[in-house]
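Okay, here we've got a single chain as structure tokens, the form predicted on its own, with questions on binding and movement later.
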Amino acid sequence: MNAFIDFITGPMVWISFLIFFAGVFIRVFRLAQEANSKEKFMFSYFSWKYSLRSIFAWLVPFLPASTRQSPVFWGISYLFHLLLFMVPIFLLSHIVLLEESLGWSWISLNDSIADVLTVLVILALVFFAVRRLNVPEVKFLTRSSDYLFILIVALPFLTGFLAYHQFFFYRTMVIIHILTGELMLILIPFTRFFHMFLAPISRAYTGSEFGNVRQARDW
């Protein structure tokens, strides 16, 4: 068991990051190739100014008109995506591990605040699952894999919370926490999780078209 834990906290971490970075690079490279071969015209009106304007406009909560039409969903969505990155990056236990392995460290969240934010992430995922079950137009488009992806995202937060408070089986929770975190990292380039990279690319494309061609805003 100790050898297994050493593996998933050592080599497997590096393997996960290697697959993640290699997968993201390949996906982005292929997208650029496809755009160059099929929609080369888009490069003629691409603009950093309008691309960044669109990206930052959509980062501002409720600035885009469409987000104000569903304030509850978009409010929870904004909060969820912010905390999804913020909690793991600024969690003290993660920073300590990083400092021990690479000597890197930065400011961390207070443990009590991290607890509250973790619970908010879990509740947001419950909201997304319930929404898929109850909103007809969303339910129609939902596949079983969508619930699986929600579970994969929820497990690192849930098991990390349970392990920190030493509920249930501590070692089991730690192992599941590590494995599901690595699994999510590996899956990002190959599943709909990749939208974290597609979203800014799409916004850059749309922002450039609206700004340079239509002389309008896309929000």
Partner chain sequence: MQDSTIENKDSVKTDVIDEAVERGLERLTPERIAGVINQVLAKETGARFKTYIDTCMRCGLCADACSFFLSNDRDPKFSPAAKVKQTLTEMLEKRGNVSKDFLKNMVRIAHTECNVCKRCSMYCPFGIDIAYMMLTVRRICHKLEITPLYIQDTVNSHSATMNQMWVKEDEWIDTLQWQEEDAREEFEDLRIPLDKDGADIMYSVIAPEPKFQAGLIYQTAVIMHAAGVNWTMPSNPGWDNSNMAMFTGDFEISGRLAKAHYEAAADLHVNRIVMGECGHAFRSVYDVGNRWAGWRMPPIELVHAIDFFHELLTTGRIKVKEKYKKSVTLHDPCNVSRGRGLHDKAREVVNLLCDNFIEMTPNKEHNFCCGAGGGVINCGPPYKTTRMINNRVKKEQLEQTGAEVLIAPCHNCHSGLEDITHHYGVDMEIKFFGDIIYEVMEKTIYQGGV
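For clarity, every value in this text was computed on a predicted model and none was experimentally measured. Numbering follows the first chain given and starts at 1.
There is also a form predicted together with the partner chain; it is not shown, and the following applies to it.
- Using a 4.5 Å heavy atom cutoff, 35, 45 and 131 all lie near the partner chain in the predicted bound form.
- Of the candidate stretches 100-108, 114-122, 133-141, 87-95, only 133-141 contains residues with a heavy atom within 4.5 Å of the partner chain in the predicted bound form.
- Within 4.5 Å of some heavy atom of the partner chain in the predicted bound form lies at least one heavy atom of residue 65.
- Contact annotation: residue 21 falls outside 4.5 Å of the partner chain in the predicted bound form, judged by heavy atom distances.
- At a distance threshold of 4.5 angstroms between non-hydrogen atoms, residue 17 is out of contact with the partner chain in the predicted bound form.
- Contact annotation: residue 219 falls within 4.5 Å of the partner chain in the predicted bound form, judged by heavy atom distances.
- The partner is not shown here, but in the predicted bound form the stretch 39-78 reaches within 4.5 angstroms of the partner chain through a heavy atom at 39, 41, 42, 44, 45, 58, 65, 66, 69, 70, 73, 74.
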